[in-house]
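One chain comes next, on its own, written out as structure tokens in the form predicted alone.
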């Protein structure tokens, strides 16, 4: 690992000040489960300055009230999967947290780090986008809010400026009648990086007609997004295997249209279609 200047912030104000002073060649360290591994690679581009924010207590915790949940970025995956508020009002996020890494990684890794690392395989990102989450970025000069899906430019790159810190992730609780699911496909059952994943939310009325649908695949498109083209097929219809199969095929077709044919396309094309179908079926059981 290449040498760097290490600084440990004791509060959010100090962290923002250090960021402003050392921009642009600076990096924030939260849980470190991604960064420390990356920096050990011989070809890694290690920053000159590293600010450790893991001790910032005001950046930890889950708040629930007024129909909304606020996640602080240093909240660990273990805390998310154990949170009763998440289990009751955003269960797909709880499911995603259970399949991240190992118990050690879940106890150390943070939701903010998972988001800001912007890896295509990030497990918490599809559920949060399906929850219509928004993020709050703060610097010395301003505080701005934007939808989570607008944060990402491409894998490992976000619109956040070097002097900005993620200080909140927030979303509305799912309606009582909405059901959700998260499916992850990896090479093994534990310590697995997602090859493909799908987060889905479906709401139906008393007659069983779908009134709202959200589909967000992971490790599928160049940027994370809701697949509104497939969602439109569902709204106004009753749940059926044929309907869900059509939605899955739409996602698969759009994936190829956006990414082109690659070495993995032969595998991903049918698999993502089936994962979407299964995720929707889980929502409507």
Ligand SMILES: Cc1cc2nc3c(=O)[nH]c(=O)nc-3n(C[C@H](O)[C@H](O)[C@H](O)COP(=O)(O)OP(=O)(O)OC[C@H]3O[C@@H](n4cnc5c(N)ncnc54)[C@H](O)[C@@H]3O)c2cc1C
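Here the structure is a predicted model, which is why all the values come from computation and not from measurement. Residue numbers count along the first chain shown, from 1.
Beyond the structure shown, there is the form predicted in complex with the named molecule, which is absent from this document and is the topic of what follows.
Site residues 90, 197 and 201 are none of them in contact with the named molecule in the predicted complex, judged by any heavy atom within 4.5 Å. The stretch that touches the named molecule in the predicted complex, counting heavy atoms within 4.5 Å, is 116-124, out of 116-124, 82-90, 207-215, 142-150.
At least one heavy atom of residue 108 is located within 4.5 Å of the named molecule in the predicted complex. Within 4.5 Å of any heavy atom of the named molecule in the predicted complex lies no heavy atom of residue 252. Remark: residue 35 counts among the residues lining the named molecule in the predicted complex, judged by a heavy atom distance of 4.5 Å or less. Proximity of residue 233 to the named molecule in the predicted complex: non-hydrogen atoms within 4.5 Å are absent; the residue sits far from the partner. Checking 69, 227, 30, 219 for any heavy atom within 4.5 Å of the named molecule in the predicted complex turns up a single hit: 30. Checked against the named molecule in the predicted complex, the candidates 183, 174, 166, 133 yield a single residue with a heavy atom inside 4.5 Å, and that residue is 166. In sequence order, 53, 59, 73, 77 are the residues of 51-82 having a heavy atom within 4.5 Å of the named molecule in the predicted complex; the partner itself is omitted from this view.
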